[in-house]
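First, one chain by itself: the form predicted alone, in structure tokens.
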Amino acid sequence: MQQAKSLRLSQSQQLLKRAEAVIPCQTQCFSKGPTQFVKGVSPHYAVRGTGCRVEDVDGNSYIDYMGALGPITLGYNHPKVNEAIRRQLEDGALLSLPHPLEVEVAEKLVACIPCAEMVRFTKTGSEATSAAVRIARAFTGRDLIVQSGYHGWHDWYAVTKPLRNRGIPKVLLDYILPFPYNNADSLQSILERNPGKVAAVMLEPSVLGPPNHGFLERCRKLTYEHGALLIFDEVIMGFRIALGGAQEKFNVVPDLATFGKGMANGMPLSAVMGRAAVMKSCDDIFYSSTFGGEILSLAACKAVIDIYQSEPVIEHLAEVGGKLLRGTRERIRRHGLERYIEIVGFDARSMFLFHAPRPEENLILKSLFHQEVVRRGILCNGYHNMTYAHSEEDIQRTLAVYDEAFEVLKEALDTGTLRERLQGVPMQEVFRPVQ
């Protein structure tokens, strides 16, 4: 096997050093920050994306599976989306009155997402989930939220992250009760211990794969019986496993849902939607944003929905993603790595799990994998966010790279040299202790 060459990274490294002086954490999003890549081996700054490829500041090109952390479902620089943005830009990005696109895009979402009868827009997934929680509390007159999954950085949820909840009043812990995904018995127990107090149950309806048979249906039944609302956080998987998200795919309709990421192919847009009776609680709460009706993102969303409805986007994501998922599993087996690496999830979005011989070395194993694939032109930070732009050729090239990377990992595991083969600073957990 030919050893992968080191990348040209001088511009990335210079920019990172400049960022250390002016940007806390050197990033606006932890998952894009330097701690999530192998420092000294990986790029830190990208300048352009086309299709399923990105180019970094040093001119290196990669087949990209991060998809800007999920928003890119059609591919970078999709011509129809770009044209919609350009047309709207000629008339303005933000006006002193609402734009007709607010109505038009809301109507489109109502038509294609099962729970949606009314829609409110905002910019990020965290804002959408926070709005959903406030709406649920206003509608029910209750305070407790039961949750499962990841729901963003705002206080109501982030207080549950003990390694990153500094600056948040700990009293908020009294108002949120976590329960394990796929464990409806746990949810039932929480609801029974808190009669008449739970405003809503919020969960990601699909996480590392399809829910267990009957789990979502039971969540629906339990919330109804206890007078609580059911909220699906579809920010990650909406517009990926189905246009209408998991609620469409698994035929379970919540009271409220949040969407984001892929709904505008990279433009900043999210939404909370649901039953009209519940959504009308917005009349009585403080939920208002200057940029909620920003028009370029709405134009992009309208174009995205039109493309999904006229072209086989969902089918393509599943087809190419399925080939990558199955091909990766086969190569893991071929290299005898089943004890150490697994790949889980959906065809359209799959994720690696790393299990080193010693748990404290899991991130070392992941880092070595990342080092070997990024040097061979694959940008994969542990997951595959498939896009409409990924081709059969891209999949075959990726699988060839994984073959080489797995060979390196197997040899390192067999010889106990994981750390020695890592040529940069290993990745860190996002929710790591504050030093």
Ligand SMILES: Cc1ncc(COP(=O)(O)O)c(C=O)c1O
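So that there is no doubt, residue numbering starts at 1 and follows the sequence shown. Keep in mind that this is a model prediction, so the values were computed, not measured.
Below: the form predicted together with the named molecule, not depicted.
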Of 80 to 88, 174 to 182, 147 to 155, 292 to 300, the segment with heavy atoms within 4.5 Å of the named molecule in the predicted complex is residues 147 to 155
Test of understanding: in the predicted complex, would residue 125 fall inside 4.5 Å of the named molecule by heavy atoms?
yes
### Task
Answer yes if any heavy atom of residue 252 is within 4.5 Å of a heavy atom of the named molecule in the predicted complex; otherwise answer no.
no
Heavy atom of residue 236 within 4.5 Å of the named molecule in the predicted complex
yes
4.5 Å heavy atom contact, residue 261 to the named molecule in the predicted complex:
yes
Checked 340 to 358 against the named molecule in the predicted complex; residues with a heavy atom within 4.5 Å, sequence order, are none
